[in-house]
Every structure is written in structure tokens, then in C-alpha cells.
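Have a look below at one chain only, the form predicted alone, in C-alpha cells format.
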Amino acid sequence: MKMSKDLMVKLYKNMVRVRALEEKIIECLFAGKIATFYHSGAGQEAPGVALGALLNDDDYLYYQHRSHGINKCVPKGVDPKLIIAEHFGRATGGAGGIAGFHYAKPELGIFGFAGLVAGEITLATGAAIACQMNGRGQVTVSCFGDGATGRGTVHESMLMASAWKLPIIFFCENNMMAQWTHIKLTHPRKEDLSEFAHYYGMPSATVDGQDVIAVYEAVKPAIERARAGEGPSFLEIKTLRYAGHVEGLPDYSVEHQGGMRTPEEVEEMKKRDPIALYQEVLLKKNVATAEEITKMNEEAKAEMEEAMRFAEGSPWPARPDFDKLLYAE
């Protein structure tokens, strides 16, 4: 697939913006500036960035807890200031500072996500019904991890989407770990989770999630198919995450389950870092110079530093705002 230079540069910029925002949030977490917690998605930048580049403003996007959705919402157009301010609990955040990291941006088709793994998949399926009824060529993307495929809501939603030919993409980011449990325990007889789609009569693909171009090339036809009224698709994006389940806690998969993810294995994973791999592509294809790449990296870090200052300087939510959430006028 031929890609323009502008698009290739945009993909890189968004990957380093996502990584920089995540690093800034983790820095603030350990500095005591964030009252909640953080589920790192370092290593999983490519899937969300490729997806965000293909969605329109009025398409619906339901993100999941990994990386708190920043790898998808930032590429779709959400201002990092809104995201980090919500993590800070400030009134300028994407949920008014009262939801931790459950931010939203309705004008971009982002309504947050459920507090339960796979809980938002049924909501996404409902949004896909709305897309179908609207008749404007909108699509919905429901994002979830490999661990969510064990929940009934995934399969109920896939069954309904297939029966009604809903314009939805089931976007499974398989990072091989459901919290602290390796996929070889949760799905011991299934090598590719994309096999699930066959039971529901929908097309599927398994994609290298460390290759942003490969993800883009897989997502594009799935979205085009949905826009054309041809029904749902299932994409399994095989990707890697470097951190444990939650920042600040030990990686129990290493310490208590027989070394299913040893430190050596994690270091080996990092040799396929999506940003480093894509840098090589940009340089080889003469899309960007080393100096231009360095500049984009520095700009991303500066942007997130400014987002942090914005959050720090923002007001706390006012008491009347809490009342509005509880009582109808």
C-alpha cells in the first residue's frame, strides 16, 4: 500500500507523542501528583496510532484500560492536556476531574470506557447500531485485550454484530498477558485469537502489532468494509507490553508464576520496539532525516511538559459540580 510522506510522518509523530505522554503520566504518578494508578502500554503504540489515523471525527471509539486509551485517543484528536488534567483530578480534565482516567470527548465519538474488563464492548455494539441507523457511513471500533476474550460480552456482541451486519471493528490487542496471567494459560489451545471470528461468520486477520504500517494496512479495509455496510470484522493485533499490569506493583507473572515473563524476555521484546522499528523505515525510505526524527521526539516531550503544567495550574472541581452528577435538575 502506497502511503504519502505526510501520513508516514504523522504516524511517527503520534507514536512518540503517545510514548511521551505515558512517560510524563508515570513520572507524575511517582511524584505523587496523581491520585489514581496507571496501566502502562509502552510497546503498544503502533496499533492505536494506526487506528486513529483512519477514523473520522464522528466515528465512535471505545478504548480499554491499557495505556488508559491514550494510544488511540491522542491520534484521534484528543488534546493531551485534557487527558493529563483528568489524571490530576482537575476540573479541566476530560471528565471534569472526577473520574480518574475515565475521560471522554463526545464530539470526537469518545464516550469513555467501562470500569470492568470487556464491559464497554456491549456499549460499542449499541453505538454501531446507531451508526447503522444514522446512515452516514459512520463506524464503531471496540478495543479490548486478549484477556477480555474470555468474557461473554465479547461473544454476545460479536454474534449480534454479525447477525445484523453492524459497522463495527472488534480490535483485539493481544499482548500475551491478561493482567498477570500469560495467554498460554488463558487460551492454551488457541494460537491466533482471530479464529474466534470464524464462528460468527466475519472476516478476521492477525497482524504484527509492532509494525505500524502493517496495522494500518489491516485496519483500512476493515473500516472501508464497515462503511460500505458489509458488516463487522475482527482484528487481532499481536503486540507487546514491557511493564507489569500496574505501575508501582511487582510483575507477579515473573515473581509468582514460575517466571512466565522473565526480565530477559522483556529486554528481548524491546528489540522490536515499534518506535525504533519505524524510525528505521523512515530513514531507509528517506521520509525523514535523523535530525528531523530528533526534533519530533523533542517536540513531543515539550508538548507533554506543557500539558503537565496546564494540569498543575488547573482548578479542582467545585462542589456543585458533584451535585450535578447525582441529581437531575
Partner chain sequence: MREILYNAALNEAMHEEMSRDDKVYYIGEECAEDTWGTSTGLFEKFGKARVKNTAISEAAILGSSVGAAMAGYRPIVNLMFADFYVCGADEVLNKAAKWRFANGGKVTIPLVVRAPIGGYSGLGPDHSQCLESLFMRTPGLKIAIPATPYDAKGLLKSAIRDNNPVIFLEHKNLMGTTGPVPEEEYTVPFGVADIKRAGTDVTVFATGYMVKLMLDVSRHLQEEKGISTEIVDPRTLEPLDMETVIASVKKTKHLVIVDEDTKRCGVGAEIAMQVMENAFDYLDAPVKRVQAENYPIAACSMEKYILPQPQEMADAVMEVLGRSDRLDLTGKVKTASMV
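Residue numbers count along the first chain shown, from 1. No experiment lies behind these values; they were computed from the predicted model shown.
There is also a form predicted together with its partner chain; it is not shown, and the following applies to it.
- Considering its partner chain in the model of the complex, the lone stretch of 231-239, 141-149, 191-199, 88-96 in range is 88-96 [heavy atom distance within 4.5 Å].
- Although its partner chain is omitted here, in the model of the complex none of 215, 273 and 283 has a heavy atom within 4.5 Å of it.
- 127 is the sole member of 83, 127, 222, 172 with a non-hydrogen atom within 4.5 Å of its partner chain in the model of the complex.
- The contact with its partner chain in the model of the complex, taken as any heavy atom within 4.5 Å, belongs to 122 out of 179, 206, 162, 122.
- The shortest heavy atom separation between residue 325 and its partner chain in the model of the complex is within 4.5 Å.
- Residue contact with its partner chain in the model of the complex: residue 248 places no heavy atom within 4.5 Å of it.
- Contact annotation for residue 60: at least one heavy atom lies within 4.5 Å of its partner chain in the model of the complex.
- By the criterion of a heavy atom within 4.5 Å, residue 112 is counted among the residues contacting its partner chain in the model of the complex.
- Taking its partner chain as it sits in the model of the complex, the stretch 18-45 never comes within 4.5 angstroms of it through any non-hydrogen atom.
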